[in-house]
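Considered here are two forms of the same protein chain, supplied as C-alpha cells in two stand-alone entries, structure 1 and structure 2.
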Structure 1
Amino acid sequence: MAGESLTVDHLSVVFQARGGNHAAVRDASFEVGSRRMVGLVGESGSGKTATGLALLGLHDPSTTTIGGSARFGETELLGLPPQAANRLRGSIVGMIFQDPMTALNPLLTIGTQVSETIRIHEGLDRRNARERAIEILARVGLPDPAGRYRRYPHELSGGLRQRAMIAAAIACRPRLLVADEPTTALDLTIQAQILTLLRTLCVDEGMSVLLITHDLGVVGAVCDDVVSMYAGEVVEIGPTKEVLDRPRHPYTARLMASRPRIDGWDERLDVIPGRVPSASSSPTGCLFRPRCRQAREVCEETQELVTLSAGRRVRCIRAVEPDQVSFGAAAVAP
C-alpha cells in the first residue's frame, strides 16, 4: 500500500454538440493525496461530475474530447485504450453514483452485482466470488449479508441500496474511489451513516476518496481537503478547515453563505445571484466576475490559480493583494 496519490493536471473535458463545443472542465489541476478524502464542490454545472467520469474514462469518446493528464501513482488514467481502461475500472479506480435506485440493475440480485466485479477482475468462480461478495457486503455494514445477497435492489431500503452499491464498487479494493453525490438522494440520518462508512473505508482500507458534492456540510464533516470548482475551473484548493473557516475565493465564500442552516430559520437564505455561465461561451477574465460583489476592473484579466501556501491555492486577484479581506467574515457577518 504505497503512497499512491492522484494528480490531475490541466484536465479539460469538452463535449461536442450541435451548435458548438461545451467546455465542461477547463484546465483543472488538483491532487488527492494517498488515503485522503477530498471534497470536490461546486454548483450544478460546475464540472464536478464531468471530472469524476473523466477519471474513469466513462465519457463517450465519440462526443467528448479529454485533455491533460490524471496520474494515479504510476498509472495514467486518461486516454487509455478500452481494454486497459476496463481492467482499471473497478480494480484500481471505483466509482459510486448518486441514486442507488437507478444505479443498481433492477433485474439482477445484489449478490450478482457485487460478485460480478470480483469475477471480472479476479477470475474467481461463482462460489468463491459469492463468499468474497458476502464478506464485502458485511464490510459495508449490510445486515444479514448472506440473505441480502439473494435479494433484488427493489427489496432494499435506500440506505441499504447505497451500501450495496458501495460494496459493488469496492469489491476489488480499488485504491481510488470517486463518489459522485453519494448521499444526496438519502435522508439525513442515512447520509451520516454512509459518510461515516466512506470515511472508515478511506482510513482502514487506505483508499483515496474524491467526494463530489454540492454540500459543504458534507465536506466539513468528512473531507481532509477541498477543491472548489466554478464553471469548469478550479477556483480554490486547501485543507478543509482552512477553506471553510477562511474561504479566499468569493465563490467559495458565497457557497458557504448560501448553505441552509438548521439554527438559522429566521435568516433569509443568501443565494448567489445569477447562474453558472453556459459552457459553450468562452469568456475571458475571472469567470465568477458577473456574479461577484467584489468584482473590479482588474477582474476582466485572466486569473491564474495562485499558490498562497503549501496546498492552498486560489484563483482570485484579491487573495494575493496585501490588503486582503476575509470573505468568510464579510459574507457571513450578521
Structure 2
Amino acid sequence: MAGESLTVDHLSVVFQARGGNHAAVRDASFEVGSRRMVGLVGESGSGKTATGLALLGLHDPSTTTIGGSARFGETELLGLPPQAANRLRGSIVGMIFQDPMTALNPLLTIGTQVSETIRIHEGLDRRNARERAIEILARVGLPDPAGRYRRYPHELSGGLRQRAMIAAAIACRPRLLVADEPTTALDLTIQAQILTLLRTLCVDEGMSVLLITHDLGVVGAVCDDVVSMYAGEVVEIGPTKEVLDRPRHPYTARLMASRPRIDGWDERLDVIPGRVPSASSSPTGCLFRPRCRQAREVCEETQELVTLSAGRRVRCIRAVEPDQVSFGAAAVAP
C-alpha cells in the first residue's frame, strides 16, 4: 500500500545471560518514511544490527526480551506469532544480512533460495519462479545468472554471494527493506550498482529502506535521513545533509571527523578515545560522557531525545542550550 512508513517507538532489546540482563537497544525511536532511505549509523556495538533483527522478529524469544513498538503501516511488527511473522518476512519486510556465508543455506543452490521465496509468497509455479529468479539475479549484477542459478553458495566468491543474498531479499518486492551492510563484500563498481538499485526501488516502487552501515560516504550519497546510534541509544536524527554538514551531537561530529577524505592526504584523522560501553556496564547519564571532550557535570544526568526542529532531534543537553557551541569539524579537531 502506497504511503506506508515504519514508526519505531521506544524499542528496547534486552539479552538475558547468567550474569544478568544486558540492554543492546534502549528506548530507540525513529521513522522511515515511504519512498525514503534512512541510514542507521554508529560504531560496532551500537545496537544497529540488534535493531534490524528486532524489526523482523529474528531474535530468540527464549533469551531476548523485546519492548516498545514498531509499526509498518497498520501492522505491528513486534510480538507476532511465528506463522504471521513468516508470512510477513520476504513479502512485506525483507532483510539483507551482513554475512552471506552464514545467511545462505549451504545445502541449497542459489536459484532454489531465490525462487523459493517467490513460490511461497507469490504462488508461481517452478518454471515461472525460475525465470523471475534469473531476472533478479541479473538485476543485482550477478554474471551469468542462469549458470549461477545452479551453483551452491560455496562455489561463489564473497561478492557474488552478497549479490545473491540481495536478490533473495528483494525477490518479492518487499515494501520495507532492512539492509545490514549490504555492500560490505563488494568492489566499488558493484557497490555503486547495488546502491543505485536500492535507491531505484525506494523512489520508483515505493519501498522504505533502513540502511545499516558504517560508511558515512554511502549515507551521504543515497540516504534521505540519518539516525545516529551509540551504545544502544538513538543520539541524533535528521535530514542527511543537515546532520552531516552540522552535527548537533558530539558523537556524530566525532564520527564525521574520523572519516578519511579523498583530498586529505596530510590530514591527521580524529580518533574517538576508548570504546563503546558494553550492555552490562554502561555509565550513568549520557552514555557518551566518558569519551566526550565537551562533557561536564550536567552530562551526568539522564539525557532525553529532544526536538530541535522539524525532523531534527538530538540527545544532548548542550545542543538545546542558548549558548550551544558548534560540534562541527573545527570543534572536534585534535
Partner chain sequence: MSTATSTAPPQARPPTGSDDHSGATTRRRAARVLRTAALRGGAFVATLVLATFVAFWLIQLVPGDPATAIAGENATPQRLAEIRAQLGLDEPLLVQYGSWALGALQGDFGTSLYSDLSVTSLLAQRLPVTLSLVACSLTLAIVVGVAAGVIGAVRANRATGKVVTGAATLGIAIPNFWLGLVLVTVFALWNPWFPATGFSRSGDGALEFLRFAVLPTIALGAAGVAEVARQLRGALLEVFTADYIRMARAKGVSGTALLVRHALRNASVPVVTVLGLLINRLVGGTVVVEVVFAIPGMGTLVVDAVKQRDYPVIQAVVLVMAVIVLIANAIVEILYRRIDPRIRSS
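Rigid core here is just the name for the largest C-alpha set that superposes within 1.5 Å across the two forms. No experiment lies behind these values; they were computed from the predicted model shown. Numbers given to residues start at 1 and step along the sequence of structure 1.
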Item to check | Matching structure (the form predicted on its own), either 1 or 2 | outcome: 2
Checklist entry - Seen as two rigid parts moving between structures 1 and 2, does the chain keep Leu58 and Gly220 in one part? => result yes
Next on the checklist: Can you give me the rotation of the smaller rigid part relative to the larger one between structures 1 and 2, rounded to whole degrees?
Outcome noted: 14
Checklist entry - In Å, how large is the CA movement of Leu160 between structures 1 and 2 relative to the superposed rigid core? => result 4.1
